[in-house]
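Below sits a lone chain in C-alpha cells, taken as the form predicted alone.
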C-alpha cells in the first residue's frame, strides 16, 4: 500500500510546519511587483503550499469613487458601504442613460449608470467599467478622502487574507504598493494578534529608467484604462506615479524596529538584500526570488525517443532506443537547430514591435519634476537600443543518466551544444515494479495497483528506493531554480513523470492533476518566459515527413483520469461509461490562450 511520503507543503494534516506566512509586497507602480507575485505563487503552489494572491487594486476598482463611499464604523478594517443617497441616484439614472454611449470610453452602453465627470460639474453617463476606474487625482497624497478609502480597501483585503489563512491556507500574498510607513505599520500591528502567522515584506525596486518607461507604456493596457486612448492613459498613469513618488518611503529602519523580515529585489534579481530571514517558508521565498531574470530564452521539454521497453509497455528500466526512437533522435537534432534560428528571428520581431509600440506615445503632459522617471513621455529620453532583447548564444541540453535519454541527444553537435547528464532528471523509480507492464502490476500486486490509481501523486512504489510524485517534486526543486537562474535556452530530454512535473510548474497546473497529464512520446513542449507568464508552444513529430508539426497548444495538455476512479463515481453517466477514460482539458488551456 501507499507508504508515507515527504510532504513539503501539500495540504493535509501532515505538513512540515503549522506556521503560516503573509508576504506583503512593497514598491512603486511599474516596478515588476505583479511579475514577482505571479511567479512566486506558481512556485509555492507547485511545492505544495496552499498559496493565494490578494490583489488590492482589483478590490479598489470595485470600490468606485471616493465620493460614492463613506467609511462605516470606527476602525480601519470595516467594509466600505455605498451611501444610500448615491445608490438612489444611480438607480434613478440607470434607466435614463440605458442606451447612451459611455462618456469615458464612448462605447455604446448597456448596464450603464451615472457618475460625475472628470472635469467640472457636468453629469455624464459612464459604463460600469469606466465608473470604477480612478484618475491620478485619486492617488494624490493630499486627497484625504481618497487616501482614507485606499487605506480602507487595503485593510479590508488584509482581513480577507487573514480569514483565508484561518480557514486552512498556508501562504497569502498581499499584492499592493504598500509604499508608506503608515500603511506597513498598520499591517504589522494587525498581525500582532495572530498566532503562528509570520510576516515577510518583499520590496521590488527598479532603477533602470528605460525598463520603467516600457512598463509604464504597458500599463496603458491595464483594467484602469480599458477603452482609453493610450496617450491619455499614459499621461494619467505618469501623473499617478508622481503622486506615489511623493509619498513613497522604502523599507528600512522604521520596519527594522519591529524586528520584521524583509527582502529587497533590485532590478529583477540583479541585487537582493535580505534582512532577518529566519523561518523555513521565508527562506524558500527568498531563495527563489534570488534566481530570476528577464532574458529571452526558451525551455524545451521532451521525452526521449521510443525505447525498447516502451515498445513492449514496460515501465522503468534502462534500455536503449528502438529503431523508431533513433529516427526521433535524428529529427529532434535537426528541429532544435532550426528552432534556434527561428527564435532569434522571433525576438528581433518582438524588438521591432516594442519599438513601434513605445514610439506610438506622443505626449504625457507638462510636469514640474523633469528628473523623475514618471515625468518623461514614452518617446523622450529613451534609448531604444537598451530596450532591445538579446538572445544569448549559449544553448544547453540536459538529460537524465539513463541510456534512452543520452542516446536521444547523440546527434547534437557538441561544438554548438553543451550537454549535461543530470541524475535528478531520472525517471520516477518504480521499486519492485521496475521493468513490469501495468497489466503485470495489476495481476501480481493488485492492492498496490489500486492504491496508485486512487492517489497517484502521493503513492510510493513498493521496494527499496520506490518513489512518488511528491518525491519527484522535491528532487526537481533545484532543477527548477536553476532553470529560472540561467539566461539562455535549454532542452530537457527526460521522462514522462519528469516532463509532467516540469510542465505542471511552468504552466501552473495543480499537482492533483499532474500525474494524469497526457504526455505521449514524440512531442516537444516549448515554454517561453514572458512578463505576464510562460508562453506555451507544442510540436508533434510526424513520422511520415520525419519532421515536427506545430499543434494547438490549448489542446495539447490533457488530464486523463484512471478507470478505477471513473468506476467509483455515483452518477448514471459515469456508471454507463465506466470502461472509458475521462479526458478533460487541463487548467493550462486558460494560461495558453491568455498568453496568445
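Residue numbers count along the first chain shown, from 1. Keep in mind it's a predicted model, so treat the numbers as computed, not measured.
This protein has a second form, the form predicted together with a small molecule, left out of what is shown; the following refers to that one.
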Check your understanding: Okay, which stretch from 173-181, 232-240, 493-501, 151-159 lines the small molecule in the model of the complex, with non-hydrogen atoms inside 4.5 Å?
Key -> 493-501
Check your understanding: Is the small molecule in the model of the complex near all of 303, 315 and 438, within 4.5 Å of a heavy atom of each?
Key -> yes
Check your understanding: Given that the partner is absent here, does residue 203 sit within 4.5 Å of the small molecule in the model of the complex, heavy atoms only?
Key -> no
Exercise for review: Look up in the model of the complex whether residue 427 has a non-hydrogen atom within 4.5 angstroms of the small molecule, and give yes or no.
Suggested key: yes
Exercise for review: Answer for residue 523 alone: is it within 4.5 Å of the small molecule in the model of the complex, judged on heavy atom distances?
Suggested key: no
Practice item. Considering only heavy atoms, tell me if residue 456 and the small molecule come within 4.5 Å of each other in the model of the complex. Key: yes
Point to revise | Heavy atom within 4.5 Å of the small molecule in the model of the complex - the one residue of 469, 395, 244, 412 that qualifies | key: 469
Exercise for review: Answer with one of 139, 461, 288, 506: the residue that has a non-hydrogen atom within 4.5 Å of the small molecule in the model of the complex.
Suggested key: 461
